[in-house]
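Only one chain is given next, in structure tokens, and it is the form predicted alone.
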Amino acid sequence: MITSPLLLITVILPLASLFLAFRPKGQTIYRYCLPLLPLPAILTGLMAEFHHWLELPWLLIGGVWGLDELRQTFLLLTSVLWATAGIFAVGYLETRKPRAFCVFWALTLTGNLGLIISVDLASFYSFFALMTFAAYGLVVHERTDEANRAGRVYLAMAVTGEMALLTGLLMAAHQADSTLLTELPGAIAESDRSGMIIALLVSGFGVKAGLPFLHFWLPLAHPVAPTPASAVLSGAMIKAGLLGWLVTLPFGEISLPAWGNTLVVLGAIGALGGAALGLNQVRPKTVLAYSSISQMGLITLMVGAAMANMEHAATLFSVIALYALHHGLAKGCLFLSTAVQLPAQRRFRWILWLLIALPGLSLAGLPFTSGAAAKFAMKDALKPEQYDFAVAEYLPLIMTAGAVATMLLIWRFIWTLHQSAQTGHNHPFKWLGWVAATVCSLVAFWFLPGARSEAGHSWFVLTPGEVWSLSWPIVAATALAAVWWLARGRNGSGTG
């Protein structure tokens, strides 16, 4: 039985690494250890048995850890992204105060992994809070005025979100008379205070998930954080809020069309509003931050549909997990690409730009990529005739507009990156981390369990109609971008 040791070492290894920070000559060793810290979590995601709960009666008020199919996908996404970003960080941190970075990196990683494998409320909230507050150290790492301001906004919103989250979790646990997360959805569905509890949980987790009007920290924090930290903030940690929704809200217990309508409207605002704001940005990482808000808006559409019609919750959960896996891996390598120096040889630059663009095109749904799989699955799951809540009929329109907006954002990102890119030497570990992240997004994705679970559709055998349905938003957005580029002048600096 290897599940229990793997679950324990998933959390213990990053925590134990903190001892290296106290060794006078341990900074270099610590830096090179960063890619190793998530390896037990990757093994846990690949090898651990489902529904084998590890009971820890000595921990807090009694801990219970384990994995199910949903947690497995989130654990693999999170651990793979932290591992590739950790490789990148080895080269990125050569002269950038590695001790403080490594300490906050290890603490944030511990929280991010721990909350995923937690099945009891006390462990889950403790790890969630650890991740939230340790990440502050990553946001303000550069100690610039801009970073400090972003840190203050992040901290204020984090505290507000934690207060709402803790209140909602305690009220749900009181109703359930249990501290197990698995007992909360049913208890919330039967509670006469279900509206208040759901509102607290939606808003508390919504701060982390970049829900519209709770998203203000995202476009401030992501650009100022060290690039490897930006990658995990946007690719992995933002998904912690999504996972929180999925494991606590009453999905599959009761149909709540009012909440479904609310979340779909918020998702539409996030998907289209985030894109509109992103198109006005001039820094690549800020464009990507708004892209994350936009993509989380599309995922929120599915969360809303699952709330509105309980019979579709199970199907939507697997699609949400697939979309989260695709987005997290793609966004991680896009963030890492912002700190890669261009090679001096022109022919190699074209190869580099192609590899930078592919994960972006995947986000837009390019056929035969992970994005195409995610968007096909989402379209199938959100056919309006399956739902009976008020705004369901607008789902296809929102998804189509979201696909066009995504491609426009990708062109904006590539343009701003082109404007700021510099030629120079890259540390070998920066190359290795970025290439590893790109390979995971473009190739390894297809072999991960979260993608395999949706293998009922053959993503590589598409009809001409399916290819066109994926391609025309890309073509339309490309035409719009070309018109804008010609109209505003080739310097492209007309906005922002």
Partner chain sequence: MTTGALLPVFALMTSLTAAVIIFTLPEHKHQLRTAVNLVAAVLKLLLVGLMVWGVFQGREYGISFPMIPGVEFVLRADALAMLFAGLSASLWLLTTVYAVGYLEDSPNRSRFFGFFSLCVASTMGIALAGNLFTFFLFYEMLTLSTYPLVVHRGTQQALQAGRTYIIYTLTGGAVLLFGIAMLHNFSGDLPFRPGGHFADVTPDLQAPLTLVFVILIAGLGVKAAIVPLHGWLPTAMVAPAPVSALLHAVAVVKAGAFGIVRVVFEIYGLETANALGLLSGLAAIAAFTIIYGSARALSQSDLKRRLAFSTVSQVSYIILGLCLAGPVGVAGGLVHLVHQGVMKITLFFCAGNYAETLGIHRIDELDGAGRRMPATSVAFTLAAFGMIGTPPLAGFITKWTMGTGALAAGMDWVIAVLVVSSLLNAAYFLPVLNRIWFREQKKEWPEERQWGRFETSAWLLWPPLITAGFLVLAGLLASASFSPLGWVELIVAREVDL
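Numbering follows the first chain given and starts at 1. Predicted model only: the values in this text are computed from it and were never measured.
Missing here is the form predicted in complex with its partner chain; even so, the following discussion is about that form.
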Just one of Leu169, Ala308, Leu75, Ile238 has a heavy atom within 4.5 angstroms of its partner chain in the predicted complex, so which one?
-> Leu169
The listed residue (Leu46, Val467, Leu59, Val443) that reaches within 4.5 Å of its partner chain in the predicted complex by any heavy atom is Leu59
Find out whether any non-hydrogen atom of Arg149 is located within 4.5 angstroms of its partner chain in the predicted complex, and reply yes or no.
-> no
Even though its partner chain is not shown here, does Lys383 get within 4.5 Å of it in the predicted complex, heavy atoms only?
-> no
With heavy atoms only and a cut-off of 4.5 Å, decide whether Ile351 touches its partner chain in the predicted complex.
-> no
Does at least one non-hydrogen atom of Ser126 fall within 4.5 angstroms of its partner chain in the predicted complex?
-> yes
Contact stretch among 127-135, 204-212, 399-407, 111-119 - heavy atom within 4.5 Å of its partner chain in the predicted complex = 127-135
Within 4.5 Å of its partner chain in the predicted complex: residues from 145-165 (heavy atom criterion) = Leu155, Val159, Thr160, Met163
